[in-house]
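As structure tokens, one chain now follows by itself in the form predicted on its own.
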């Protein structure tokens, strides 16, 4: 597993990390034992980055990670959490007192004095552009509550605004074969600024697993059932904003060019992680098998087998998805 610098923090994190939304909620039920097994399998494969949030299962994801790491003090894992969705996402709520309350809660959940990395959780644009927000985050660093901070964003314009701030460590943005816009300006700007990029939703909510069909159904408490059109939050968070049936067509075309023995999710994760400017892709996993296969995709990053896949990614995006997706995020 490649380990890459996390901004200017002096830490290194794995090229394939682990997203842990699914260990909290909104993906159907995952038991704590299953969640711990996913964490264990990921670590065994060289994963050193866990991404979570204070609202994943109302803190359940953070708490599970905290207990897991407390029992394994020998591990060198970076935990990136997020804050800002425990209240209405209105600019007036992004103030020092709330930042302190949110980070104190995450510190308790994770069982640490200092959080490794805290990211604003897809806040409004006005928050990302407000200098006072970064002053408040700098104060948390000075106080020792957090070691570093970043921003998780919905749009490329938001990403560029965050990258321009001098103490931002990372930007988390949806980037995958269904969402190529970050290639235009975000990844180059991040590389120049020394800001890490975490590619979130890398498998398009599982659509890029290649395992779904028109007959696939999801449980009622799974966001892939209740948020396909943005009913609960930004629709781009579910299947990367792609219409499900159109996504199936794109998957079929991408699958057709895979090298022998390479799965679509492995090719996708390796392709993402190979892009200049990307520090880590952070897929989720609900099972040990998923966690292992996601991490094992790192072996494909530099082996030269994905040239045809890269060409297909751009071709399929231009022919099927660009007009619908590119202008929105």
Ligand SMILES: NC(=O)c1ccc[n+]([C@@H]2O[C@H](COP(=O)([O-])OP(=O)(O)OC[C@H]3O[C@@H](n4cnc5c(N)ncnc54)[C@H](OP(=O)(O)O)[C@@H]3O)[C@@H](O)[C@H]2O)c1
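Since this is a predicted model, take the numbers as computed values, not measurements. Positions refer to the first chain, counted from 1.
Below: the form predicted in complex with the named molecule, not depicted.
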Next item on the list: Name the residue from 150, 182, 202, 241 that puts a heavy atom within 4.5 Å of the named molecule in the predicted complex.
Entry: 202
Next item on the list: Just give me the single entry in 159, 122, 137, 117 that has a non-hydrogen atom within 4.5 angstroms of the named molecule in the predicted complex.
Entry: 122
Check: Just to confirm, residue 211 within 4.5 Å of the named molecule in the predicted complex by heavy atoms?
Finding: yes
Next item on the list: Classify residue 57 as contacting or not contacting the named molecule in the predicted complex by the rule of any non-hydrogen atom within 4.5 angstroms, answering yes or no.
Entry: no
Margin query: Is residue 293 part of the interface with the named molecule in the predicted complex - any heavy atom within 4.5 Å?
Written below: yes
Notebook entry, point to check: Is residue 67 close enough to the named molecule in the predicted complex to count, meaning some heavy atom within 4.5 Å?
Noted result: no
Next item on the list: Kindly indicate whether 82, 172 and 282 are, all three, within 4.5 angstroms of the named molecule in the predicted complex, using heavy atoms.
Entry: yes
Check: Among 242-250, 188-196, 203-211, 88-96, which stretch sits within 4.5 Å of the named molecule in the predicted complex, heavy atoms only?
Finding: 203-211
Notebook entry, point to check: Listed by sequence position, which residues of 258-272 have a non-hydrogen atom within 4.5 angstroms of the named molecule in the predicted complex?
Noted result: 265
